[in-house]
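Let's start with one chain on its own, the form predicted alone, as structure tokens.
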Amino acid sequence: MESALEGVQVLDLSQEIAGPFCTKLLADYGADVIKVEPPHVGDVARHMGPFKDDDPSPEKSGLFLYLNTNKRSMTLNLETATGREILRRLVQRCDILVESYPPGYLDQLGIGYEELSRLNPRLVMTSITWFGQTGPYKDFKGTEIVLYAMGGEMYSTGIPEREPIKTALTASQFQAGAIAALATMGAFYLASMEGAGQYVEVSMMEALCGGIDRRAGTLIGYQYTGEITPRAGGMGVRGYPAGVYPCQDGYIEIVGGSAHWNRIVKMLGEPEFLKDPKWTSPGAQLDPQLYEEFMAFFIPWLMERTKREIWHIAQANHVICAPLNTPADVYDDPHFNARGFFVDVTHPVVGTFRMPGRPFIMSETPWQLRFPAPLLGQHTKEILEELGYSQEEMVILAQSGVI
């Protein structure tokens, strides 16, 4: 059975997370993705943990191994004229190019979109940067916490008495990669129909502002009300119980408040003291004394039960609740395993390990793990042979630092 993107040729000049996640989505559904990496050092993600056995080898990064399945790796020094010439030859054979260099870098080397589109008018080129190709911040470098602080929901995250805190790890970069993949495929299919490629620009800052982690909602809320979403601790803005709470074997998250109060009472076994009208009187959900009285009962109730027990009791009473799973819990979860979500990967250096598989299911052109993430430069010889280079020429390219 063919894959959805079988026959699509992609050049991946991106590094770290957003770009490689974009091209991973293409590779995992059948595209032939050639990952172009700097000689000797490779993608920055090769040097980012976690590492197998805490050995910081460029072939043992769990992040890199996940982001680069089903890709071929070749090393190429774009700072050399010969390296750029090889890239031009590759571009003439490809449909899509994805890169994450600073704005203007490829133009300075003479291999920006205008030059490459002359070689291949059908080329779709996607550039992913922190702040975009234009604007006052275009040359600024970024990190995940910068994105959250400047364009995320960090200002309203945390407790009121303390400074704001960042949530998640690298969620915004994965979000940007997913958006880049969507935009790239839209441009590719237009190129397939009309024969003309185009330039796709993705700003990770704008990708974050437009969606993930509540930011779009708080921006719209401010536009309509002029109010900034506050940091909430204790009772929170939704009343109680609402948020993360401890239990016998970890933590659960629950959504309660006045709208769900009757369900919460049923979940707790309908204790008589919670049937007092004071609990449903106006302002009860914002009364700190009632909050303390409720928590004096609620926390011991939680601590007598496991997170899965609480979850099932909550489900039976139509209360929104979920266990806070550890990675081990997720890998052992019967639902994920019943659906075959995880896949076992065998890598020549790391060995066999399990990782998340397909992000979605296509009935006729399914996701496939054809091969694991490549070793640095593993396919350089193979790809150069496809371009017509001889063994003698490849020796010279290696000796001159081109590959």
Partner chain sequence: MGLPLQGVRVVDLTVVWAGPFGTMLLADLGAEVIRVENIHVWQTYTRGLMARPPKEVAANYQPWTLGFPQREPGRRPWNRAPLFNAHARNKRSCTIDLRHPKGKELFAKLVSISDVVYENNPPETMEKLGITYDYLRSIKPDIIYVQVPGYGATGAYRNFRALGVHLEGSVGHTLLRTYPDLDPSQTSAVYTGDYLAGAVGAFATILALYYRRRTGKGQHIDLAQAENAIAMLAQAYMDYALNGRIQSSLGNRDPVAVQGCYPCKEEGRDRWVVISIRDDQEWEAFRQALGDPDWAKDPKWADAISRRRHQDELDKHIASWTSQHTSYEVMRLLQAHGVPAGAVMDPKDCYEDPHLKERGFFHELYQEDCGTHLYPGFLWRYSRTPLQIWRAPVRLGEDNEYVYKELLGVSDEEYKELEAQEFLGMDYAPEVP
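Source: prediction; values computed, not measured. Think of the rigid core as the biggest set of C-alphas that the two forms share within 1.5 Å after superposition. Numbering follows the first chain given and starts at 1.
Heads up, the form predicted in complex with its partner chain isn't pictured, but that's what we're talking about next.
Engineer: Is every one of R370, L384 and M394 within 4.5 Å of its partner chain in the predicted complex, counting heavy atoms?
Structural biologist: Result no, not one residue of the spot touches its partner chain.
Engineer: Given a 4.5 Å cut-off on heavy atoms, tell me which of 270 to 278, 289 to 297, 86 to 94, 157 to 165 is the interface stretch with its partner chain in the predicted complex.
Structural biologist: One stretch meets the cut-off, namely 157 to 165.
Engineer: Is F188 close to its partner chain in the predicted complex, meaning a heavy atom pair under 4.5 Å apart or at it?
Structural biologist: Yes.
Engineer: With a 4.5 Å heavy atom cut-off, would you call K266 a contact of its partner chain in the predicted complex?
Structural biologist: Contact check for K266: no, nothing within 4.5 Å of its partner chain in the predicted complex.
Engineer: Does E206 reach its partner chain in the predicted complex if we count a contact as any heavy atom within 4.5 Å?
Structural biologist: Within the cut-off, so yes.
Engineer: Can any non-hydrogen atom of E253 be found within 4.5 angstroms of its partner chain in the predicted complex?
Structural biologist: Taking the distances in the predicted complex, the answer for E253 is yes, it comes within 4.5 Å of its partner chain.
Engineer: Between the options N262, S117, T170, T82, which residue brings a heavy atom to within 4.5 Å of its partner chain in the predicted complex?
Structural biologist: Among N262, S117, T170, T82, a heavy atom within 4.5 Å of its partner chain in the predicted complex occurs only for T170.
Engineer: Counting only heavy atoms, which residues in 26 to 54 are within 4.5 Å of its partner chain in the predicted complex?
Structural biologist: Contacting residues: L26, Y29, G49, P50, F51, K52, D53, D54.
Engineer: Tell me, please, whether between this form and the one not shown the C-alpha of P136 is shifted by 2 Å or more, with the rigid core used for superposition.
Structural biologist: After core superposition, the displacement of the P136 C-alpha between this form and the one not shown stays below 2 Å, so no.
Engineer: Once the core is aligned, does Q173 move its Cα by at least 2 Å between this form and the one not shown?
Structural biologist: It does not, since the Q173 C-alpha is displaced less than 2 Å between this form and the one not shown after the core fit.
Engineer: Does L76 show a Cα shift reaching 2 Å between this form and the one not shown after rigid-core superposition?
Structural biologist: It does not reach a 2 Å shift.
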